[in-house]
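Below you will find one chain, with nothing else, as structure tokens; this is the form predicted alone, and questions on how it binds or moves follow later.
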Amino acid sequence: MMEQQAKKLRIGLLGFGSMGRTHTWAVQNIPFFYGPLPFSAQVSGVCTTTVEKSECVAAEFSIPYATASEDDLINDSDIDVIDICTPNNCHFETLKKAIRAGKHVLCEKPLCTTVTEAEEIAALPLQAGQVCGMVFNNRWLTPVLRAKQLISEGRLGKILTFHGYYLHSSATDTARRAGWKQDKTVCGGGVLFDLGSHIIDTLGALCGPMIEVSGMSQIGYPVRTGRNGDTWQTNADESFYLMGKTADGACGTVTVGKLQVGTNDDFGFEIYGEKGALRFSLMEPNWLYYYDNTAPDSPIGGERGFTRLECVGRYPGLIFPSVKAPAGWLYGHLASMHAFLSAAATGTEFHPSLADGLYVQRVMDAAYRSDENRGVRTEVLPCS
């Protein structure tokens, strides 16, 4: 019996900052980690702000085609996938063009800069077999996958409360110039868009969507040096504090910020249910902590207590390296890219989808509206 030939997927990469580099690494390295694959993938074209930069990137990473016009890749019949790694304010128009051109689309977060734009994108009709998704890579960390399994199995019972966080320290360096992610005119929001979108998505996937929120923003350093070297008035939140409630009645908090001295890439959550609880920190990426509230509590505590589960590199289908190899941040991107390209090759559903991106956008929009209204609880519009 002849094996079915793997589908060839040629990717047009838009943008080559840290995420463009990360996506290229993931595409080029998937064959080392997974197999057999239903696809063969190649970054076949790259688009940046200048032809010179694109050509430099193409030469360094063996990409056949370089351009400074995204339309060259979107309209190229030889390109199957458009991978969007550009600043937030570029997403809306690019998404419209790529989806209407029938391309598979993978988009970095957030979906758009406004909820109105996100709703328009999520409502666009897709062609048969066309796959469009979001890069919420933290869903693909093994402890998060294991947490999802435990919750789906009912091991926590009804979820009662939660806390999620994503903390950096980059805004504490006052000598550092503001980048585009700190300029609301470019990114559409501050740290809530940049870091908050990730933890909102993860909590939504684990605990269910929030239906109402209240929010409070913080700017720790109102004045700093701008991108052009001049004095700049900070216009985007540097920390954000959110309280939320899910449709099932779970209540919790989300803290995101770049004002937290001593943090690196501190992403994590605590989820508490009737029958058990979970804890995870990206700074301990190999472990998920699980508390079984149904275990005997005597004598002297019995078998109660948080148990450390070894998740390490135990991804389904991973053939390299050993499943005992410690997990890392790049694994999340690798697994995300593998899942997306597999869905594109087979025409199957992929999550996180554009609808998931719209949900996150609606939560952030409600949080910002609450902040403008002194923290009044604000409804999150449901996604149909």
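Fair warning: this is a prediction, and the values are worked out from it, not measured in the lab. Numbering starts at 1 and follows the sequence shown.
What comes next is about the form predicted together with a small molecule, which is not displayed.
Of the candidate stretches 218 to 226, 194 to 202, 291 to 299, 75 to 83, only 194 to 202 has residues whose heavy atoms lie within 4.5 Å of the small molecule in the model of the complex. When the small molecule is considered in the model of the complex, Val135 lines it closely, a heavy atom lying within 4.5 Å.
At the 4.5 Å threshold, heavy atoms of His351 stay clear of the small molecule in the model of the complex, well away from it. Among heavy atoms of Cys47, some come within 4.5 Å of the small molecule in the model of the complex.
Taking non-hydrogen atoms only, Gly273 never approaches the small molecule to within 4.5 angstroms in the model of the complex. Interface residue among Ser239, Asn88, Thr142, Gln182 relative to the small molecule in the model of the complex, by the heavy atom within 4.5 Å criterion: Asn88.
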